[in-house]
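Here we start with a single chain on its own, the form predicted alone, put down as structure tokens.
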Amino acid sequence: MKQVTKHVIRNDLKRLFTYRLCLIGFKRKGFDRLYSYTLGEEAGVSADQVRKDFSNYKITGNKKGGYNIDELLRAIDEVIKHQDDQYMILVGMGNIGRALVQYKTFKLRKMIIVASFDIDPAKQSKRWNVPVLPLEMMDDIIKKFHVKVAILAVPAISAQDVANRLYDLGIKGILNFAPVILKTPEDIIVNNINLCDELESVIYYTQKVI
């Protein structure tokens, strides 16, 4: 039976990505070591939070000497298991979909959108950074590249049907930009990104501090 997924992306995992971004920035500035309080200040959290997050993933450092940045980056990459290219597909070539296929940082971080899909033949005939194919070809592409993750950027009215189809084809994780809560089996990971909700949250807190 379909249900709202119980899998939640842990906050400490999200912070690992933030730490990695900060560490790359420090490395570019010529640093080779740093302390938890330095990393915490850059990431906007306490030193205790940094140490706790690292401890959750069995990442250790030297209390006196701090953390070696290269070793820390390797440890984070080992947690994420992201040394190899990760192949993905995108469904929906509207405004969000077109922006995502042109986002160059995906490739820099070894996340490769191998194909996108749309029901509109006019979009299929245009040249983008990735091929735009009819939905009927999803099965072939997923099998060819062993894809396990999909980005969903379709209208709300069709999002659930597309999510059902993706699951049936073996997709195990969905980044969902459609403004709807997907109902999926327990073994599928869904991360919902609602841009309006995110912006309204910023507006709400901005009004609170004025």
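Just so it is clear, the structure is predicted and the values come from calculations on it, not from any experiment. Quick note: we count residues from 1 along the sequence shown, nothing fancier.
This protein has a second form, the form predicted in complex with a further copy of the same chain, left out of what is shown; the following refers to that one.
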query = Looking at M137, V114, I80, I119, which is the one with a non-hydrogen atom within 4.5 Å of a further copy of the same chain in the predicted complex?
reply = I80
task = May I ask you to state whether I96 is within 4.5 Å of a further copy of the same chain in the predicted complex, using heavy atom distances?
result = yes
query = Does Q124 make contact with a further copy of the same chain in the predicted complex, using a 4.5 Å heavy atom cut-off?
reply = no
Partner proximity in the predicted complex: R74 to a further copy of the same chain, non-hydrogen atom cutoff 4.5 Å = no
request  = Check whether I151 has any heavy atom within 4.5 Å of a heavy atom of a further copy of the same chain in the predicted complex, and answer yes or no.
outcome  = yes
remark   = Across 102 to 120, the residues having a non-hydrogen atom within 4.5 Å of a further copy of the same chain in the predicted complex turn out to be Q102, Y103, T105, F106, R109, M111
